[in-house]
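Form predicted alone, single chain, as structure tokens, below.
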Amino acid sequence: MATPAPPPPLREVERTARRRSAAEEARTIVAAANLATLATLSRDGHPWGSLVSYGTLPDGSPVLCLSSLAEHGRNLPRDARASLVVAATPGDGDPLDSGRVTLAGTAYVPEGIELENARDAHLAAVPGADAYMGYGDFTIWVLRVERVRWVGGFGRMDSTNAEAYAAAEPDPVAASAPYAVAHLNEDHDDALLDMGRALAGYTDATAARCTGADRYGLDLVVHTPRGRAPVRVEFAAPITVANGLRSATVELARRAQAQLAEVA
């Protein structure tokens, strides 16, 4: 049985609200974690998956500290092709509806100042690595990213290239977004309803709930007599600081109230 299409807005909105690009989504997931699955190629040609910790350089390149006692540490010197799978923390529902990223490329051992920077990046993300990083069997590797595949959940996925991935920035509000979403739903459902009615064009909305927040805006689900619909409302400007969600959301609520007052 086909799922009914969500009802359209009753009033046309000015433009489609901006979303994070696939490169930004990938950088955000990679920046938020330090544990991943590394895939290398064994001597017999079989793919070999290993759980590893990592840090990242400013361009998002993963930095690994691998022992030659482990199979992956012996595989890379022979065949430097590798991929890294990083998964976002799953929610309460189906874990496959959570975000994840696959980075594929070629690993190499950095030298000189690049080695120092890579070591510092790994230690910043994995402080415990200081206990073994100096051992003779451990080597610092950097994955030179060549292909990127982002999956945001069911029906949300895209690929991007190495240049876009390196140029993108992790979302500065990713860490605080879950709390902000919960707070909006618990204490500001009236403001969310105003946004759905005024900014998303669902003038007949009877309720609204926030389902996500990022540097560009909020994702909502509005309830109307015609059914439910997912909508997106955009902040006045992208957020550039980690604590910027509150002020951006307050501005959004005030803008919605002002628009509703104009038509009242």
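Model, not experiment: these values are computed from the prediction. The first residue of the sequence shown is number 1, and the count goes up from there.
Same protein, other form: the form predicted in complex with another copy of the chain, not shown, and the subject of what follows.
- With the partner left out here, another copy of the chain still marks one of 226-234, 207-215, 40-48, 22-30 in the model of the complex; by a 4.5 Å heavy atom cut-off that stretch is 40-48.
- In the model of the complex, residue 118 stays away from another copy of the chain, with no heavy atom inside 4.5 Å.
- Although the partner is absent here, residue 221 sits far enough away that none of its heavy atoms falls within 4.5 Å of another copy of the chain in the model of the complex.
- Contact annotation: residue 82 falls within 4.5 Å of another copy of the chain in the model of the complex, judged by heavy atom distances.
- Within this chain, residue 102 lines the site of another copy of the chain in the model of the complex, having a heavy atom no more than 4.5 Å away.
- Checked against another copy of the chain in the model of the complex, the candidates 169, 189, 71, 114 yield a single residue with a heavy atom inside 4.5 Å, and that residue is 71.
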